[in-house]
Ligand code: COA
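Read the single chain below, which is given as structure tokens and is the form predicted alone.
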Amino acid sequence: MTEQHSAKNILLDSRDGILRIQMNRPEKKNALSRAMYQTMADALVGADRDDSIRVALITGTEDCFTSGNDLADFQAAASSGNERKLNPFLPAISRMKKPVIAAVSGPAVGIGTTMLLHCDLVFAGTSARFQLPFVNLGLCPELGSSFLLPRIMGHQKAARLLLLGEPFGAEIACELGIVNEVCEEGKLSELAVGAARRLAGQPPASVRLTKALMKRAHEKTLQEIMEEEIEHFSNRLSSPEAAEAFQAFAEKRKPDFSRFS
């Protein structure tokens, strides 16, 4: 995807101390390409350096947050060997010093769910649908989710989400601690923007310090685990299991993993 297309698919707007980042690729259910990740990463890093920005707000389109990675784009990276390069969005959102809010409507698949673990406030509409299908695709968790999910909800609950890869709704996401609040779709934007405005009006240095103190205890461990995850993820992209999963997806059939050990 070209830089021009990436700019079209990631809409950026800065007003009233709020950086708004909208994933806008509805024809692909907001599937994220490497170029789109780079645009979002640059926006987050720039926001941390911009004194006029107090908070970042991440949204999708009205009926979809994101369907996750653009598999074709990442398969192309795997064949060229470029998949081992760390996705710039991962360190950008995990190390963001200023608050990050997410407003989720519709599907939030893969990284659409794991990025929420790095947000400070997450609001979801009743249509929100979450899924972590990494194992289903012959892959492994990313963005520190193998560490953060058990920390948030306990091993057994995290294992169900990561090992079975089943979709779950907004109310369950709220009960598990991934989402702060669930509301009607028509009120989601108002709720998220209202929270962003309140945060933007708080003492900025105090907000940054408080966030840093909350993250300090596990920050080093998280970064180490993220690096290990991306190494395994890169290897899994070119594995026979992933090849079978991707082929089955393209052929709209159930994958057969019976011949693998």
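Model, not experiment: these values are computed from the prediction. Residue positions are given as counts along the sequence shown, with the first one as 1.
Here the subject shifts to the form predicted in complex with the named molecule, a form of this protein not shown in this document.
- The stretch among 187-195, 89-97, 104-112, 168-176 whose residues place heavy atoms within 4.5 Å of the named molecule in the model of the complex is 104-112.
- A31 is the sole member of M40, A47, L57, A31 with a non-hydrogen atom lying within 4.5 angstroms of the named molecule in the model of the complex.
- For the chain shown alone, E229 is not a contact residue for the named molecule in the model of the complex, no non-hydrogen atom being within 4.5 angstroms.
- Contact annotation: P133 falls within 4.5 Å of the named molecule in the model of the complex, judged by heavy atom distances.
- Shown alone here, L121 lies farther than 4.5 Å from the named molecule in the model of the complex, counting heavy atoms only.
- Remark: L137 counts among the residues lining the named molecule in the model of the complex, judged by a heavy atom distance of 4.5 Å or less.
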